[in-house]
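Just the one chain here, the form predicted alone, laid out as structure tokens.
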Amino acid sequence: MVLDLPFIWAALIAFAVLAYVVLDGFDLGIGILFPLFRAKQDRDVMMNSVAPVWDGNETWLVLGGGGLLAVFPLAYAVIMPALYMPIILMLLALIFRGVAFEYRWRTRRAEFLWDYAFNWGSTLAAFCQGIALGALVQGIKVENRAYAGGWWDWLTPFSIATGLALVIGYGLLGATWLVMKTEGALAEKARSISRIAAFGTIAAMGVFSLWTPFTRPLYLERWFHGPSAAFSVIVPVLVFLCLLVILRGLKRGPDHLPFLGALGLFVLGYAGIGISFYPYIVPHAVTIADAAAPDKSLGFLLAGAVVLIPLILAYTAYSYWVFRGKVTHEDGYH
């Protein structure tokens, strides 16, 4: 049997990006929600809740970006020039956020400055990720296997709206994470925020479900004609079920239920993007097969990925298992 190596690698990179979004999304959400919790003790607990795992979560970003360069060099060469600005801003924001995470615990006089850096770094990183996604969904102008657009093509009403929507979605992940990991007044406030963020996320998904098909004829064809049109019925039903799971968990528990429901919303949204894109890796311009490196290179890299990815999954699962349960103010981060 001949393996379809470009498809396998496309699936692996798609999985890595999804893993980054759902794992790093909630700790970015913690930073986004920081201004809503003014007490120092609450902020300490919020940071402690993600302290053991936040660094490892970003492994998937490295795997997705590095994998794209190694496996689909043409796609990397097209996407990067088109999205230089939002990607550079995202990386700078993640750097400020990471430095703030470490330095905040080393000072008292300047702690408020690092709180601002953590908040704005998280918010800007989420916003830029949304802008990059929106620009990619709208399509990138390609001529002769190279980016042919302008410097500001990424900045459109659609991409800005996508950035705002992702900030709301990450806020939902962060709030439901706090419901699951904290207790007392902090958890109760997170419940209230989770309800608002859940409806905000659902509203954003509804807006983009109606907006996206009209940005490109292929999306309209994919979602409302042919066999894939069935997903236009199935996905909204599943989204509604996820909302019910979130609301039920917030009202009756168990506390992990809202977080699982929020993850479900992101998985459904991501699946919708995948259905819209396939078989393109750069929508309407470059297919997965066209962008792939030679099969010998893909096979060589796959041999490493078969070992590396299970190891990453294993240590990620182990770290979450070790640090399971509720977090209190006494659980310090050093």
Partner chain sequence: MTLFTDAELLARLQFAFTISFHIIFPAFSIGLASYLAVLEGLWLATRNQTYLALFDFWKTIFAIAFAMGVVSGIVMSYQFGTNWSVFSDKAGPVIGPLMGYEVLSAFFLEAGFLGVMLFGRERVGPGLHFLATLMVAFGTLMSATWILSVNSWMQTPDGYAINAAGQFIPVDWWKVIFNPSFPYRLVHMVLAAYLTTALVVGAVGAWHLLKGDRDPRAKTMFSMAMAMVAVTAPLQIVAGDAHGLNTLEHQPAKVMAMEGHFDSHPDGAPLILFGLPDQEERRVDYQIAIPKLSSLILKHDLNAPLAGLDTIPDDREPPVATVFWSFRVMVGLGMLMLALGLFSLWHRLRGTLHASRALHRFALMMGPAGFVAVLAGWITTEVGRQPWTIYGLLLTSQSRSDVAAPAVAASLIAFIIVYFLVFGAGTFYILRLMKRLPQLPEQDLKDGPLRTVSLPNPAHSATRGGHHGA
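As the structure is a prediction and not an experimental result, all values here were calculated from the model. Positions refer to the first chain, counted from 1.
From this point on, the text means the form predicted together with its partner chain, which you will not see here.
When contacts are judged by a 4.5 Å heavy atom cut-off, Arg38 does not count as touching its partner chain in the predicted complex. Thr59 belongs to the set of residues with a heavy atom inside 4.5 Å of its partner chain in the predicted complex.
Contact check for Trp211: no non-hydrogen atom falls within 4.5 Å of its partner chain in the predicted complex. Shown alone here, Ile312 lies within 4.5 Å of its partner chain in the predicted complex, counting heavy atoms only. Shown without its partner, this chain lists Tyr116, Phe231, Tyr84, Phe158 as candidates; in the predicted complex, only Tyr84 has a non-hydrogen atom within 4.5 angstroms of its partner chain.
None of Met205, Leu74, Cys242, Val137 but one reaches within 4.5 angstroms of its partner chain in the predicted complex through a heavy atom, and that residue is Leu74. Per the 4.5 Å heavy atom criterion, its partner chain in the predicted complex is contacted by stretch 85-93, the sole one of 216-224, 85-93, 172-180, 246-254.
Contact annotation for 105-140: residues with any non-hydrogen atom within 4.5 angstroms of its partner chain in the predicted complex are Arg106, Thr107, Arg109, Ala110, Trp114, listed in sequence order.
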